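One chain follows as structure tokens, the form predicted on its own.
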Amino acid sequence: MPRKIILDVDTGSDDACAIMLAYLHKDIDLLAVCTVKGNQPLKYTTENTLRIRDLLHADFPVYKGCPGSLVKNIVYPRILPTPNADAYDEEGNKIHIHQELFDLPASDGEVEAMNAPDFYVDYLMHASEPVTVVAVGPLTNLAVALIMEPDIVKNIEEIVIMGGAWNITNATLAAEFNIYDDPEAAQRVLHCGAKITMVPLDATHTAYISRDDSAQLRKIGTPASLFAADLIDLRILVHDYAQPLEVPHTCALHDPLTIAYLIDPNVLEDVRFCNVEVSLSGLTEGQTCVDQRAIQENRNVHFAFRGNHELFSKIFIDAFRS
């Protein structure tokens, strides 16, 4: 039976790929998509989500969520610029890993009247069976819902988070972007009592996607596969410029790895049940502090230290063939 999920996104390039994988794969039942401010302001992440829905000719509902973090952006010293992810192509043209608006037709689709936190509370309090929440942006929507009604955790089978880091960071010297953008929300979610699996940069960088994978998507030739190939090629350009991976001319396609895990858990390797806490201030703000001691209390997160490139690329590409 397909895994029922709610997907929470701040749609940029890898979120778009996660939406496509979740919608196209037979083992996933995409119940709804919630949007949040993250890679871009909320109006853009929502518009990008609607454009991906149009590209797929899909009908899943989209719920517009929180336009900012719980605390961070109302305290002046903590209003910090988004990390620079700009790069330049061979002709010297500026490119960005998360475009404000994808080069797709503007959507005339509508979002649902209910906002995302209210949707979580309403749906999960009345669900006939537990569902999985997959959060691949800042965790603001889910944190607000848990503050509103902590009992929603009873109908959450698992929370899968793309975020955090052990040995690889991107937003600061200590932190990954999704957790850094709203650390208070992350800390709230990590201690909600649900089963939590965290897919950090350590896993996404080792489950890389290559130009060969992009070429295979182009051979499939559907609008969705061609668009996914374009996004991968863009991400490879930016990674080569700003954050080269161990394997040259590859990229980390972070967010779809969470969906791939639900399809085949073996795509995550060296998964350890640990106590994970989020630093809320100072130089380490947004850092996921992963307890590696043999004896530890308050274990709350299944933390993946590696990903499987071969299995991930197969799962991702095969979904576009269906």
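This is a predicted model, so every value here is computed, not measured. Each residue number is its position in the shown sequence, starting from 1.
The form predicted together with beta-D-ribofuranose is left out here; the points below concern that form.
Engineer: Considering beta-D-ribofuranose in the predicted bound form, find the one stretch among 208-216, 248-256, 182-190, 146-154 with heavy atoms no farther than 4.5 Å from it.
Structural biologist: Answer to the contact question: 248-256.
Engineer: Within 4.5 Å of beta-D-ribofuranose in the predicted bound form, do we find a heavy atom from each of Asp14, Val136 and Met162?
Structural biologist: Looking in the predicted bound form, the three residues Asp14, Val136 and Met162 all sit within 4.5 Å of beta-D-ribofuranose (heavy atoms).
Engineer: Test of understanding: in the predicted bound form, would Phe227 fall inside 4.5 Å of beta-D-ribofuranose by heavy atoms?
Structural biologist: So Phe227 does not count as contacting beta-D-ribofuranose.
Engineer: Is the gap between Thr197 and beta-D-ribofuranose in the predicted bound form 4.5 Å or less for some heavy atom pair?
Structural biologist: Thr197 lies outside the contact set for beta-D-ribofuranose.
Engineer: Does beta-D-ribofuranose come within 4.5 Å of any heavy atom of Asn170 in the predicted bound form?
Structural biologist: Flag for Asn170 set to yes.
Engineer: Check Leu201 for me: does it contact beta-D-ribofuranose in the predicted bound form (non-hydrogen atoms, 4.5 angstroms)?
Structural biologist: Output for Leu201 is yes: heavy atoms within 4.5 Å of beta-D-ribofuranose.
Engineer: Can you work out which of Gln287, Thr49, Asn39, Ser69 has a heavy atom no more than 4.5 Å from beta-D-ribofuranose in the predicted bound form?
Structural biologist: In short, Asn39.
Engineer: Can you tell me which residues in 170-204 come within 4.5 angstroms of beta-D-ribofuranose in the predicted bound form, by heavy atoms?
Structural biologist: Residues within 4.5 Å: Asn170, Glu176, Phe177, Asn178, Leu201.
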